[in-house]
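Given as structure tokens, the chain that follows is alone and in the form predicted alone.
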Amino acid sequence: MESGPCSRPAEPRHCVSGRAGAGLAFPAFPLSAAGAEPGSRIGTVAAVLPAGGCGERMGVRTPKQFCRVLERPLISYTLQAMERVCWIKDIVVTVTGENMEAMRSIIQRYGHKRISLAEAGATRHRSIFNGLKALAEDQPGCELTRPEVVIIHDAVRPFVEEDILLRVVLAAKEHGAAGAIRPLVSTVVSPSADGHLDHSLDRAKHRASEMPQAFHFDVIYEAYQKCSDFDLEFGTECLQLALKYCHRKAKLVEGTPDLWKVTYKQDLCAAEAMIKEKISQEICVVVNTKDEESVGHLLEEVLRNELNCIKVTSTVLDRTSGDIENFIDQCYSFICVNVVSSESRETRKLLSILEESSLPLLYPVVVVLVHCFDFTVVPLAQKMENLVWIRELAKEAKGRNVLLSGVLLNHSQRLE
């Protein structure tokens, strides 16, 4: 059996989304999934992501997990998806020795946390086994905790959501093993030795095995310790190992269409389109007053009505209240409405919060400043002079990957 070195290049026990409970003993879950009662406890959970493949089917020199989508490596999106789930305590990524430094650079560049690295094996199963060994504390120098449940997920499936992760983990907690499945898209046929049709499978009776999969740690670790060299060399299905060597019939959990695996070169284009759509589906309206009749709140109401396919939320940011730090999660589009005030203090505060959140490291953040003035009281020319700071601030913000623009509106209080 193979083993490999384990290293942790990033700070442990930190949650990107900032939710409570990151890396600690897990709280009781308030939601019900996979038939579990509310309040079910799932114990300590870790994840293993094999990332040692060469991407032969993609037909490019760069391994597909390191191919760039919107100027960011594909594996970084998958790590981000796993890090959002604060009850996943440790994430072990197995990479080849030649790509170890590149992986460390990705972790540092994009601020990934709770990530440990283990050396990949020559095959997928050998890579997963090395990741499990790291979690089992079988390797010197590792400071990881042996989990109760382990998730196995592909590094090139970047769109996994917390809901399916939770359902698979809860099912594994109950049955020992569980995995996501999807309906077959094409009918599976078996050819004869001479290249003719032998028989076909009834598509309605079969399913495609997908990721994520989850296991009692002791079950899958025992299965890998018992499995043959032939399994390690040619096998691909972890659920089958649990059945063959530990007699655990995996619970199959219906997955979602976004669990697909980036395999071919054209899949990179599809992934880019999905990411662009995803980050454009939410707008946060930031206002500087709690007055429900203010123009900011009226703008929010109009946006909700006109953009019914986009989630519109709002928060208050002023000098005394409005903890926007607790509000920002994965929103990349902001409309900041200032009524009467033309000062830059509140805008700078918003930009500072965005920068500290690390959001601009991942994608460009769009901020539209809307300033409302009564031009019957103060001439337009004078107000324009007071707002020249926006141009300089926009230049400064662009260097931090924030696209800032300004809109000046005539909002006369005497208008009916």
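C-alpha atoms forming the largest set that superposes within 1.5 Å between two forms make up the rigid core. A quick note: this is a predicted structure, and the numbers were derived from the prediction, not measured. Numbers follow the displayed sequence, beginning with 1.
The form predicted in complex with another copy of the chain exists for this protein as well; it is not shown, and the discussion that follows is about that form.
Chemist: Verify the flagged residues E237, L252 and A273 against another copy of the chain in the predicted bound form: is each one within 4.5 Å by a non-hydrogen atom?
Modeler: Every residue of the spot touches another copy of the chain in the predicted bound form.
Chemist: Considering non-hydrogen atoms and a 4.5 Å limit, which listed residue (L303, C269, A122, A102) is close to another copy of the chain in the predicted bound form?
Modeler: Flagged contact: C269.
Chemist: Only one of Y110, W260, F217, Y245 gets a heavy atom within 4.5 Å of another copy of the chain in the predicted bound form. Which one?
Modeler: None of the other options qualify; the answer is W260.
Chemist: Any idea which of 295-303, 174-182, 93-101, 161-169 reaches within 4.5 Å of another copy of the chain in the predicted bound form, heavy atoms considered?
Modeler: The contacting stretch here is 174-182.
Chemist: Evaluate T313 for contact with another copy of the chain in the predicted bound form, applying a 4.5 angstroms cut-off between non-hydrogen atoms, and reply yes or no.
Modeler: Because no heavy atom of T313 falls inside 4.5 Å of another copy of the chain in the predicted bound form, the answer is no.
Chemist: Counting only non-hydrogen atoms and a 4.5 angstroms cut-off, does L307 reach another copy of the chain in the predicted bound form?
Modeler: L307 lies outside the contact set for another copy of the chain.
Chemist: Check D198 for me: does it contact another copy of the chain in the predicted bound form (non-hydrogen atoms, 4.5 angstroms)?
Modeler: Answer yes; at least one heavy atom of D198 falls within 4.5 Å of another copy of the chain in the predicted bound form.
Chemist: Find out whether any non-hydrogen atom of K226 is located within 4.5 angstroms of another copy of the chain in the predicted bound form, and reply yes or no.
Modeler: It does not: once another copy of the chain is placed as it appears in the predicted bound form, K226 has no heavy atom within 4.5 Å of it.
Chemist: Just to make sure I understand: among 186-213, which residues lie within 4.5 Å of another copy of the chain in the predicted bound form, judging by heavy atoms?
Modeler: S186, T187, V188, V189, S190, P191, D194, G195, H196, L197, D198, H199, S200, L201, R203, K205, H206, R207, A208, S209, E210 sit within 4.5 Å of the partner.
Chemist: If you line up the core, does V185 shift 2 angstroms or more at its C-alpha between this form and the one not shown?
Modeler: No, shifts by less than 2 Å.
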